[in-house]
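One chain comes next, on its own, written out as structure tokens in the form predicted on its own.
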């Protein structure tokens, strides 16, 4: 027990920057020596993709080698580097605390992106997994605005995602690609990456406008009508794009240009988290929570409840449209079946697994469900038994999700963890 206490005391003083330095050291080791040396001498056919889970499930005899790889590449370097660099990392974190909070957050995000970039750069499969996970974070955060902070139950996000995906796809294919459906491009292909953000914004605006078809009729009533109307909206959008042959119909659309590399998706994800955080912590966000808790009392306090709900609904739909546009350009192909009831189940699972009324919970839910789904892929049918069982247990023991009703406290998260200095501050009454 004494050894465990010393171990916890040692690593509890490490700042977030220290853990990032440790993780970067582990990723550098894997990037340069993971394939030629470590995996080779452990008898692994290749570098494990998701920490060895795929190899362990496909070939159980490789479990010892995969676990040894994780310990050698990740566990030991992270703990050792974070422990050794603790004082240096805390010193740097102390310097960053004196900077404006936005600049300090930006420095940490650049450090975090460097880790993601190196880790994903080992193979294309990792890049795809990270891209789809970041898009899932945008989707989950946007759904949480409606289902969590607004307190409604919307099933229309796959429809909003489809509107964003098809709108942004049409814009890029018409303007920048020699496409078999739309013909020769109207603008030079070279300026496509620079105008791509406007295509995404067009998709987001289309989704926001489309959300009015759900919001206007459903918010005139109370109760479960929103869930019914939004579910109908999803099926209407899916049926519409299936029967519009000018945009490919049931066959879908392909040939999208590669305008969504990892840095672009990472930037849009961080922008979404920042904007949504500011939205839900603003006066408007507090009003939204008041409407959720007691609509009658909100109206008595002169809050325009219907306007508040419609605005929040359009805001969540806008970011779903952005996610749809990124999704289309990552896969370079879309069809109506990608925005069906299966997509809805996946999105709702991420939201309710991570936690309602929490951006942190949305991030945890999106990452957990995506990684777990990929890790259990070798189990095929049993994968869809295990994941629902996990969700059932979470709903029983944590009805609001793993991390609910918690906001991001960047100042506390990024500060240096030096107990001696903290003790001096406490004595001075700071």
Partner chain sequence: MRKIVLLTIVAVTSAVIFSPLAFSARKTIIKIGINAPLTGDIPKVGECTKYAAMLWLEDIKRAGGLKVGNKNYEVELVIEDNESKAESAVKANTKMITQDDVLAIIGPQASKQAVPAGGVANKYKTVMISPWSTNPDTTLDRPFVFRGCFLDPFQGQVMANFITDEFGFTTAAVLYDVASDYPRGLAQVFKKIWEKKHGPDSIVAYESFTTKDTDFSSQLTKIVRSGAQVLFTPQYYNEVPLIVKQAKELGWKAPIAGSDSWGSPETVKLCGKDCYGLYFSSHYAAAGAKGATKTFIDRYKKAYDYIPDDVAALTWDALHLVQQAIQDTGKITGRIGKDRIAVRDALAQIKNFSGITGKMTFTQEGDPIKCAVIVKIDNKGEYGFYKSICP
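The model shown is predicted, which means the values in this text are computed figures rather than measured ones. Numbering follows the first chain given and starts at 1.
The same protein also exists as the form predicted together with its partner chain; that form is not shown, yet it is the one meant from here on.
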query	finding
Candidate stretches 401 to 409, 22 to 30, 48 to 56, 358 to 366, one within 4.5 Å of its partner chain in the model of the complex by heavy atom	48 to 56
Residue 388: touches its partner chain in the model of the complex, heavy atom cutoff 4.5 angstroms	no
Any non-hydrogen atom of residue 337 within 4.5 angstroms of its partner chain in the model of the complex	yes
Proximity of residue 111 to its partner chain in the model of the complex, heavy atoms at 4.5 Å	no
4.5 Å heavy atom contact, residue 123 to its partner chain in the model of the complex	yes
Of 176, 319, 327, 149, the one that lies within 4.5 Å of its partner chain in the model of the complex (heavy atoms)	327
Single option in 292, 343, 277, 309 placed near its partner chain in the model of the complex, where near means a heavy atom within 4.5 Å	343
Sequence-ordered residues of 49 to 82 touching its partner chain in the model of the complex, heavy atom within 4.5 Å	49, 54, 58, 61, 62, 64, 65, 68, 71, 72, 76
